[in-house]
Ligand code: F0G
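Taking the form predicted on its own, here's one chain by itself in structure tokens.
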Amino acid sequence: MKIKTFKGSFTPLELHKVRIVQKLNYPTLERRAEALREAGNNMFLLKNDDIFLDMLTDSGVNAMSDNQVSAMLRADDSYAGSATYFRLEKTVLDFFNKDYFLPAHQGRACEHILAKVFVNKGHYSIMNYHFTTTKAHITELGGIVVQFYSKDALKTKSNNPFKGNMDLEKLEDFLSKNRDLTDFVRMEAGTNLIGGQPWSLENLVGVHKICRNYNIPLILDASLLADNLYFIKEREEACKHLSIKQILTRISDLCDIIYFSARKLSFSRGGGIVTSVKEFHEFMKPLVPLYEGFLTYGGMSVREMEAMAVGLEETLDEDIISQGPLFIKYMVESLDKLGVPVVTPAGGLGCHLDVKKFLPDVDSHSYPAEALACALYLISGIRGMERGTLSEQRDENGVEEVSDVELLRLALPRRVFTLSQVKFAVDRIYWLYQHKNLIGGLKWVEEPKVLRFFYGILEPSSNWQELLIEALRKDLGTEE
């Protein structure tokens, strides 16, 4: 819903009321500096007690609706054959218009099962853009990830409404030469690593047509599908007259397999895989009890399954799925007006700072996006998430793979933050941009070989954090 103000300015309007609150803690500057050292300059290793506004992710931290919470009370807590599972199964299959559903404890578990079944050593997995865990599962099995993103995908400053599109010409050309060495084509709804940018329904139709011509499975990562549905309805002229359900059905009918993390889609926890291809279902089915749990719970709590079912139904409500994108748009446009480099147009998931323009003098090998995340936490208590070279992995020879973009993602979990908290974040980011020349890089102390950004330990490459603290005290005095 769009409501005009008398002044004509854009202000997102919360279409919900707050009934339960959770107290936040604003740690002192001294404590933040100490906590950052204890965490090895890794945002994932910070303790929640030391965080003011947690913008690390929207995964599993979105606020549930009253209907979701109440549904959890009726859960049937059975190991096998739970009535809760069959309610969820019916909802999921109706939602996606598919025939078979396999439950899993989260999206990463779905990726594991899909990789086990479909990835072959030395074969290609084609994507509009990769995601960290997806790529890790594929490369762990000897597969090769190939990306055919749109020409504007890596342009952080753009007015292209669908930067998440697949490059159809490159896809066609590659499959014409490598059809027998290609395992599948994967589309990610809301390309996470390049700013939560959506793709159009028209583009998905084109991808589907090419996949059919070469008999290649088309797989959809629907974790961020809610945002992509909203953007298609909002930005794609041919879809403006369609309901969210109609758009969803058209998307589902184009894909052979859809998997999702309910930590994002449905604002609950869990995940699942759906398909109408019986052969695919039978290939994947044995892996659920092997890795996840029995077929009627798949590693999920029955309470979360009840919440997921309601959350999926609520995803069809445009007023509900518009809240995230509208608040993100407000934050992006507020920073853009102040001259702070951000990814445009505003995408889903969160506001993304363009670190290469924010910190042009910090080399990618010094992990500028994580350094900026540390700097922002230090001066505000806000935790963001690096989406750059630190999130990549070294190749088989130990050579650093430099990311296409360096972003600091500030996720806005749905229905969690107030507008005043968003304004506080904008203020502190603006201050940081005025003092960007003080920020330096990071270097490894302990570097894991796989998914290093989750638990690696780093340290500043100079005393730049002390200089930043001095500047903050000088400008804000006793407040800090």
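Sequential numbering from 1, following the sequence displayed. Being a predicted model, the structure only gives us computed values, none of them experimental.
The discussion below concerns the form predicted in complex with this ligand, not included here.
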Of the listed stretches (170-178, 245-253, 157-165, 126-134), which one has a non-hydrogen atom within 4.5 Å of this ligand in the predicted bound form? 126-134
Can you work out whether S223 and this ligand are in contact in the predicted bound form, taking contact to mean some heavy atom pair no more than 4.5 Å apart? yes
Is there any non-hydrogen atom of I113 lying within 4.5 Å of this ligand in the predicted bound form? no
M385, heavy atom within 4.5 angstroms of this ligand in the predicted bound form: yes
Indicate whether this ligand has at least one heavy atom within 4.5 Å of a heavy atom of E370 in the predicted bound form. no
Position in contact with this ligand when the complex is considered in the predicted bound form, options K98, K233, R263, R87, heavy atoms within 4.5 Å: R263
Which residues, if any, of 36-66 lie within 4.5 Å of this ligand in the predicted bound form when only heavy atoms count? T57, S59
